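To begin, one chain is listed below as structure tokens, in the form predicted on its own.
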Amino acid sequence: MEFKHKQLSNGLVLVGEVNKSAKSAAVGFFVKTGSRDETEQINGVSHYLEHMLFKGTEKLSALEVNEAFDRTGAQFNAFTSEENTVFYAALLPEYLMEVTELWIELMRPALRDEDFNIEKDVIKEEIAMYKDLPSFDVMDRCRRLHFAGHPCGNSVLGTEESVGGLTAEQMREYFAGRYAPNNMALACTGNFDWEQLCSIVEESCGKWQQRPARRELEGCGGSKKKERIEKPNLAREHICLMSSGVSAQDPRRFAASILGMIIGDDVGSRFFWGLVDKALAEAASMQFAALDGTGIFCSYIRCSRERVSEVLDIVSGIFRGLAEKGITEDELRKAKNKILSALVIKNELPMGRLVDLGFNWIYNEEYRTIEEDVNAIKAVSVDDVHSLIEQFNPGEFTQFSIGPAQNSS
């Protein structure tokens, strides 16, 4: 595999990993914008905007966009997070340039008033749908409570009020600032011609104008508050715990991922043996998420209302045990093997490589081979994990719970 890199005069970055032995290719635009870049008044605009790009351009209608993807057989989609909006496609190599040209066209959407007004109802329905999913709702609310005023606490979907009050002009203004070429990267992986790709992108994107697109980076220790709300018709308690961790720029992110695996993997973790295997909780997991300038450990637990006190006592005991005794070499080895297996399996396909290639550039402006990530994970020691536990005690968490009424039977 061969790494390629080019930056246009307007700041747009092109990164590629050419693998001539691959049977497929993948391409995607990584836009450094998400809910943390929004104000309260326009919360949800990044996700809304992701939808709007598929509504077409001055040249293409929404139907023509769909047909253009369909005739190539591309597996395409997009997603929005707190920090990024990503548009991607995995496809046969012979269609890569055609789909790249299509994505370039879509990166300058029409954002028509009539499309905006129709899509607003779609977004509102999506907000309502996810509110009906307690497992999603509890994590969304816990994030807001944990970050307490920090922009990372903004909901990706926004609220009924913020989306309802959003105007097409506000969206167009946000788009102009955040979808600037100097705030984007185009990544490509698999079997493709780098020079041909560069030629297409330079010709089509070279005229895009730079705009200031800053993001304020500040850490967050978390509020460590505890809140609970009741919802009708719920039979189970849904609990989210959140504590601070290292950032996406911190080399200790590999150790943090291992710690999250040891505590909260679906199988064989401390949560599994302490809660799920004993039938005290139906679900108990923890994951580490590295963010721009900060990071979080996030746990989700689902159990009966009657078991809440017992479950939380066990969770406290697990975290207390970590602080007092740390982890074992056996736990470290098993967690490494799980992470390494997932890593190499994902990266066997160009689509899997695309995500890592794009995010490594967005966050750190660096290229990392699979081997470098594998070696970084293998190099993590027990002492490295103990140092993280000491600095970021996961037992000091923010807690949000959603469950049935206290007197429900």
Partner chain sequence: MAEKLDKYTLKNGMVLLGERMEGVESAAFGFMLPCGASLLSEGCCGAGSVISDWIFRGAGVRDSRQLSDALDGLGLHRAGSVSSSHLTIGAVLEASNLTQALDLYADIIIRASLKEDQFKLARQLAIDSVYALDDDPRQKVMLKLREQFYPPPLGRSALGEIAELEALTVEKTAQIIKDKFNLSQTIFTFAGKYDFELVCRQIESLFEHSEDSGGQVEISVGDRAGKYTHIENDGAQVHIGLMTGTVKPADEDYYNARVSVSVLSGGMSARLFTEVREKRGLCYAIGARYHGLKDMAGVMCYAGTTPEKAQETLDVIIAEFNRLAEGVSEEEIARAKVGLKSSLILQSESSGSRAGGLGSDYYILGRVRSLDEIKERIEATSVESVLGFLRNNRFKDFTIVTIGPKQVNVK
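Treat the numbers as computed from the prediction; the structure is a model and nothing was measured. Numbering follows the first chain given and starts at 1.
Omitted here: the form predicted in complex with the partner chain. The next part is about that form.
Scanning 217, 229, 148, 133 against the partner chain in the predicted complex with a 4.5 Å heavy atom cut-off leaves one residue, 133. Proximity to the partner chain in the predicted complex, taken as a non-hydrogen atom within 4.5 angstroms, holds for one residue of 292, 126, 82, 140, which is 126. Proximity to the partner chain in the predicted complex, taken as heavy atoms within 4.5 Å, picks out 277-285 from the listed stretches 277-285, 140-148, 245-253, 199-207.
Residue contact with the partner chain in the predicted complex: residue 112 places no heavy atom within 4.5 Å of it. For residue 233, a non-hydrogen atom is located within 4.5 Å of the partner chain in the predicted complex, even though that partner is not displayed. At the 4.5 Å threshold, heavy atoms of residue 155 stay clear of the partner chain in the predicted complex, well away from it. Although the partner is absent here, residue 23 lies within 4.5 Å of the partner chain in the predicted complex, judged by heavy atoms.
The candidate site formed by 195, 373 and 376 is entirely out of contact with the partner chain in the predicted complex, as no residue has a non-hydrogen atom within 4.5 angstroms of it.
Applying a 4.5 Å heavy atom cutoff to the partner chain in the predicted complex picks out 267, 268, 273, 276, 277 from 261-277, in order along the sequence.
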